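Here's a solo chain for you in structure tokens, the form predicted alone.
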Amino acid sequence: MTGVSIVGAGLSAFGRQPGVSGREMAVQAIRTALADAGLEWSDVQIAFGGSDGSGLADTLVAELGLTGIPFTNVKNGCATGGSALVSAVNAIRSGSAEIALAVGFDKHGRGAFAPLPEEWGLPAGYGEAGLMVTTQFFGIKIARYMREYGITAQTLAKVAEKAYANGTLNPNAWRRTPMSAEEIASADMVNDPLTRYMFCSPGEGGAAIIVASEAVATRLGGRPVSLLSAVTRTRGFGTFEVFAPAIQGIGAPTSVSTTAAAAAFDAAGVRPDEIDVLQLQDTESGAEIMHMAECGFCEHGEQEQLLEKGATLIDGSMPVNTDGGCIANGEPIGASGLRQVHEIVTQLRGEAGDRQVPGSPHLGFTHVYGAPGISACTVLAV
């Protein structure tokens, strides 16, 4: 199978950017990725990308150049960026291209996301009854988890505190003001046990990743990062679903994140305990806690002890969301997964500045989870 390397990574600023469209953020990210790779737009042979609500990615060629390449639109919820990357990787591995682009972008307004039940295979009455509000499903899931495994509300606040602290070290982050665990815990309740500062917010931003064959990566030189695996998975029977009125089957709910992470590790030939730096979906702070175990980095219920030891801090044994994650960066749906990959590339190259993980990390992992039950994961190496 043809090896695949990331040869270029680009990011726009994240957060509110008045007067700047989602498309403009995408173009900025792409041009930055091209410059990082030492390539021109005319060198890109195939592209995949998408956004949730900021337009069709293929139309970006109007600004980038009408070179006639195949450009496929991807729309896969929070896994849009990850799915675009999987498509780009498959294009390289199949031999249909040697240089491919994955791009994701979005520009969301203030407030919560406003999904339409009809687009999710649900009757209109489901939304009219107030059941299309994602925050309540995340609240329900972490409340059950806390009860089952003895996780405290203070631990939720500590996860968010870390996110804001890491955000202060990231020049592209939206939330760059530190907040104490006490401030976070005492803020307005959104959905018990999650307060307003434990959640990410719909945001703005663009991210782009350029992948290439081994031959091209060797020719370009530069600072390639090997993409050992990139996978997506959808939920199985009994998996926890956002928007589901009940859990299917009996017993504890399963997780699509577990399935996707296991597939990524298996394809890469590495174990979770070998990973030096990782990105986990943190739609809210409870998600990061649950995903630590769901993705295989600890046993269920061990998270509180690990956080007490500082394991997930930048200089800890298991650095998580070193760029501040979704909590500090916000969530422009199309861009989030590729933002994660960008951060791991930056860390593995040793170019993360004040937020650099010490000890020259050489293996990284990314994970996204999106409604109603989809996950995308990658394993990267230098």
Partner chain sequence: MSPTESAPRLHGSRCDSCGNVAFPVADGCQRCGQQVMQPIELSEHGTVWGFTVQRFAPKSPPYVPPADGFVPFAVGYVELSEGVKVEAVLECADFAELEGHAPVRLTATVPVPRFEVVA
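Numbering follows the first chain given and starts at 1. Everything quoted here is computed from the prediction, not taken from an experiment.
There is another form of the same protein, the form predicted in complex with the partner chain; it is not shown, and what comes next is about it.
- Using a 4.5 Å cut-off to the partner chain in the model of the complex, not one of W174, R176 and R355 places a heavy atom inside that distance.
- Although the partner is absent here, F240 sits close enough that one of its heavy atoms falls within 4.5 Å of the partner chain in the model of the complex.
- Looking at G150, you'd find every heavy atom of it more than 4.5 angstroms from the partner chain in the model of the complex.
- Contact annotation: W120 falls outside 4.5 Å of the partner chain in the model of the complex, judged by heavy atom distances.
- In the model of the complex, no heavy atom of A215 sits within 4.5 Å of the partner chain.
- Proximity to the partner chain in the model of the complex, defined as a heavy atom within 4.5 Å, singles out one entry of N90, T135, T258, T234, which is T135.
- Scanning G95, G221, G310, G125 against the partner chain in the model of the complex with a 4.5 Å heavy atom cut-off leaves one residue, G125.
- The stretch that touches the partner chain in the model of the complex, counting heavy atoms within 4.5 Å, is 245-253, out of 292-300, 261-269, 245-253, 78-86.
- Heavy atoms closer than or equal to 4.5 Å to the partner chain in the model of the complex belong, across 167-202, to the residues M189, V190, N191, D192, ordered by sequence position.
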